[in-house]
Structure formats: structure tokens, C-alpha cells
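For reference, the chain that follows is the form predicted on its own, supplied as C-alpha cells.
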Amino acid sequence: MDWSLPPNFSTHGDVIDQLFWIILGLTGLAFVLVEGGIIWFLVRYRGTPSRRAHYTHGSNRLEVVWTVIPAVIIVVLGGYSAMVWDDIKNENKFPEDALEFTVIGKQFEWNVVYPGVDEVLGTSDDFEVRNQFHFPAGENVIVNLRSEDVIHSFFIPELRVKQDAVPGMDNIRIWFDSREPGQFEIACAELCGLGHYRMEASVTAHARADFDAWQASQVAENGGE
């Protein structure tokens, strides 16, 4: 079993994974130091019949050190995380050439609205497919995320994308890509009811020619132009 992160297919994934490993390394180091210190104190100052208690008021210098160092680390990590967040979530930085889809979550399924062969949403050849999300690999994708009932969470681990769909909020948009073709899964990462465990959909990142063929077949099947 591979205990590391899921394989990364997304351009976003490189910096997200880097941030994850930095945080894991720092928190892991802190854990080892704290737990090691506790064990050392248990052994070093264990009670014996001949040992007399020693009382201390501590050290202001040490308190300043172990307050300032974590504070600086948190501020640096917060600033770096904010930059990563802005690059991914800021709609002003969304690619202009992205192919747009609408994904609607409801108990307990995902419905995907596709642009037809004109690749423009809101026209007569749009079509909808239940629990299947297809898009071309190597191209930018924008998803307009909706919910019909309760909060759902659109989560594709291999593409490093996770976003809540909130009922009443119709302006939630996310963008991502898949650098190569692959098969993935949308999992709902927000407890949304008794059927939450089975709320999933298949995700297929096609080579462009394969996506065009699949899209054309769906338009014909749904009676589009």
C-alpha cells in the first residue's frame, strides 16, 4: 500500500503537495521535540526516595524563544499559503481559454452539464450526464458548482481540487486541469445525509480527439444540433 499522497495529475498539485510536505515536516519535527522532551523529563526528573523537590519560576528568555519561533513560522506559512490560495482561487487569475462545465450536487449524485460541440454553455446543444464527468486532458477546466439541497463537497484527490457546493450560492467557480489522460473519481467530502457514502461519480480526462468523439456522441444521443 502506498502511504504517500495520491498521484498528482494537476498543475496545481505541485505547489499544493510542496506546502503539504513543508507543514508535515515542521509539525512532525515539533511533535518529536515535544514528545522527546516529555520523555526526557520523565526519566531525568523521576522521583526517588533520596531526591528533593526543586522549584523553579522558569526562564523568561526560553518563553520568548519558544513563543517567537512558532509565531514566525506560522506567519511565514500563512503568507505562503495565502499566495497559493490566491493563485488557485482568485477568479481574476482564471485562464481565459478554459472549457466550462456546470456540476450540480444533490442527494446523492452529481449531475454534469456539458457544452455541446460549440463548447459554450447555455446554448441549444448543451446536455446533462449523471455521475460522469468527462473533459480533455492538457486543457484548463472551469466548473460552475451548484447544490440543489444541502452542502456537498466536490473532491478529486488526484487533481488536488476540493470545493464545497453550498445551496443558494450559484457563483462558486473553480478551475483545474489534468496534465495527462486518466480515470479518477468525484467523492463527496462533506457529510450530506444517509446516502453520503455512495455519492460518487466517475471522472475521465481524455485525449482531445477522444473527448471530441465522446462529446459528439452525447450530443447526437441527446438530440442536440
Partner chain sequence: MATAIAEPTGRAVIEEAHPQSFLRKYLFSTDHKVIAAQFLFYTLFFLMIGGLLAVLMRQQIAWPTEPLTLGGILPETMVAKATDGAYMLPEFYNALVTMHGSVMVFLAIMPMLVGVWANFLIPLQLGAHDMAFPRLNMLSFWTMVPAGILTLASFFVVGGAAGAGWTLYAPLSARPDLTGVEMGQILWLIALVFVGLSSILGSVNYITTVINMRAPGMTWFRMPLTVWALFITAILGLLAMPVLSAAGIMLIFDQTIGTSFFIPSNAAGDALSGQPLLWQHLFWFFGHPEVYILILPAMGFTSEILAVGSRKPVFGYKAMVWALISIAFLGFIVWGHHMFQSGMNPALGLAFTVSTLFIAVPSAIKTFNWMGTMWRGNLQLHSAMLFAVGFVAMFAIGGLSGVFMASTPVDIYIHDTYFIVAHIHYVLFGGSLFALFGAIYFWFPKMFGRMMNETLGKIHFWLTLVLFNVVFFPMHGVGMAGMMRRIYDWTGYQHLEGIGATNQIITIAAVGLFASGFLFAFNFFWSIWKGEKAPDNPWGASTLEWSVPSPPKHGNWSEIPVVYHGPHEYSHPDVTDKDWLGQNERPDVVTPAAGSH
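So that the term is clear: the rigid core is the largest set of C-alpha atoms that superpose within 1.5 Å between two forms. Numbering follows the first chain given and starts at 1. What you see is a predicted model; the values in this text were computed from it and never measured.
Below: the form predicted in complex with the partner chain, not depicted.
So in the model of the complex, does any heavy atom of residue 149 sit within 4.5 Å of the partner chain?
-> Residue 149: contacts the partner chain in the model of the complex.
Contact of residue 24 with the partner chain in the model of the complex (heavy atom, 4.5 Å) | Close contact exists here: in the model of the complex, residue 24 approaches the partner chain to within 4.5 Å, heavy atoms only.
Residue contact check: residue 162 to the partner chain in the model of the complex, 4.5 Å heavy atom = Residue-level check for residue 162: yes, a contact with the partner chain.
Contact flag, residue 140 vs the partner chain in the model of the complex, heavy atom cut 4.5 Å | Judged by the heavy-atom cut-off of 4.5 Å, residue 140 is well away from the partner chain in the model of the complex.
Any residue of 12-46 that, in the model of the complex, places a heavy atom within 4.5 Å of the partner chain | Result: 16, 19, 20, 21, 23, 24, 27, 30, 31, 33, 34, 35, 37, 38, 41, 42, 45, 46.
Would you tell me if residue 53 moves between this form and the one not shown by 2 Å or more at its C-alpha, with the rigid core held superposed?
-> Residue 53 C-alpha, core-superposed: shift of 2 Å or more.
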